[in-house]
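One chain is shown next in structure tokens, namely the form predicted alone.
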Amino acid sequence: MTTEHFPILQVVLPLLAAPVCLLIRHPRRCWWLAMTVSAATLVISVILISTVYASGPIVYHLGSWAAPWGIEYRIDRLNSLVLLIVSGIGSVVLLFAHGSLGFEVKRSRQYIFYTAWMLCLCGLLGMCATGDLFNIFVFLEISSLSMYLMIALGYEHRALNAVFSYLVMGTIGATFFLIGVGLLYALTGTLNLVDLSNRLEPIAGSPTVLTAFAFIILGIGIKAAVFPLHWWLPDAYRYAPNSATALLACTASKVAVYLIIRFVYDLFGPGFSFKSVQLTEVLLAAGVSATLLMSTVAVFQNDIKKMFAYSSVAQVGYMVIGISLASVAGVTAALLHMFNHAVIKSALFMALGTAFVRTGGFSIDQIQGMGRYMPWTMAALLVAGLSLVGVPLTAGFVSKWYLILAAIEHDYLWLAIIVVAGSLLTLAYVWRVIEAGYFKPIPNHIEQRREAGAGLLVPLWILVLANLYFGIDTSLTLGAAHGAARALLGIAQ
């Protein structure tokens, strides 16, 4: 079987599936189509990452027009890992959506949800695969617009307020990004990332380049919810349908972090980004502030879904810290945490979605005693929560351990202490959930409840077990992250 067209096929399949879902309009048939396409993108991702590690980067020219005149798709060690995250997590969460969506979205609107899901998947995969700067903007808007629609389908009226805040901030971010793209095109006459990088090198000190850099990083920083550009995120995560929250938290934010890494290290280069602009101090301050402040805010939340939303901002802070260190160890830690956090937070939000099916809410009070009547769901929350803390033998421990090692390598003992402090704060709010579920009595006023069905528990436990597997066997995650970090910093493999 030829794999020549796999880079574009991965993007085209969900793009074609979206209008088909709109025409079918039958929820179950739409889900089957979306699930088939999503599984196909996962298979393609596995083949692409295997090919990249065996034979080197894959370059695909659309319409046989070579860059910089034509649009180029380029798959390398970095984006092949992110493609695997998006397609893998997206497939498992979509499997979960089949069982959870009926409790949150009216049956007559579910086909709209699956249409938006396919468009979102297309946009996220497209941003990763393309080597064209304007193409990234186009796919960014496709994914953003579909996310707005999925959030708006939430069962609470406050979902519309959350969408409006996200829309405003998302529009600002996209506008900033487009301004930066326009400035670079006016200066160099090209939009191809490789060609653009070569042309920027001799004019890196230009005020236009500095301005474009600021607009692009700010625009993507808003999309990634980098502190303090995060205020749209808690409500968007809280009021979206649970499967949509899992998709946003575990794929959309990771693609935005990927873009920051791609632009900082690959397009502009670490010399410009960390020496000329001195981005280290800015990113380090943002990462440390997010880790400590957002974790503290999470401790005082009674709404568990909002608690883990603030937690997501804190966890992005860990990734930003790794990026700021501008070393192989730092970038490796950032990429590791990108992968591991996707597995962790998808399990957490899916566990909350499973609990919601029986409890009808997300407050601490509503899960009291849940360990007795929903033991499998509560055990999933326990394992995923401990992975978020960074307990040994879980995925979360691996990435935080490597982040501490990266900090020590730079003689930043204080930074290693902050990483540990952030984990202790994480333990504080995760413990509140564990305490309510296992150590508090079931309230007398609630009716008899039972465990959720296999349709919800099977995909949930796939990701829970993945948290344990990737905490023990790091050959895939660490190998891919380390290889991508070395390639970004120009170190021979």
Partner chain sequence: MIDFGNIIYWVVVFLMMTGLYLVLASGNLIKKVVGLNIFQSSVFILYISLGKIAGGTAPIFAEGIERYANPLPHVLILTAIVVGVATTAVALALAVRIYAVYGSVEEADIEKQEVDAD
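Bear in mind that the values here come from a model prediction, so they are computed numbers and not experimental data. Residue numbers count along the first chain shown, from 1.
Although it is not shown, the form predicted in complex with its partner chain is what the next lines describe.
The closest non-hydrogen atom of residue 285 lies beyond 4.5 Å of its partner chain in the predicted bound form. In the predicted bound form, its partner chain lies farther than 4.5 Å from every heavy atom of residue 103. Within this chain, residue 185 lines the site of its partner chain in the predicted bound form, having a heavy atom no more than 4.5 Å away. The closest heavy atom approach of residue 163 to its partner chain in the predicted bound form falls within 4.5 Å. The contact residue chosen from 276, 302, 171, 296 relative to its partner chain in the predicted bound form is 171, the criterion being a non-hydrogen atom within 4.5 angstroms. The contact residue chosen from 76, 195, 141, 266 relative to its partner chain in the predicted bound form is 141, the criterion being a non-hydrogen atom within 4.5 angstroms. Between 253 to 261, 197 to 205, 163 to 171, 341 to 349, the stretch whose residues reach within 4.5 angstroms of its partner chain in the predicted bound form through a non-hydrogen atom is 163 to 171. Three-residue candidate spot 25, 43 and 53; no residue lies within 4.5 angstroms of its partner chain in the predicted bound form by any non-hydrogen atom. Residue 191 is the sole member of 187 to 213 found to place a heavy atom within 4.5 Å of its partner chain in the predicted bound form.
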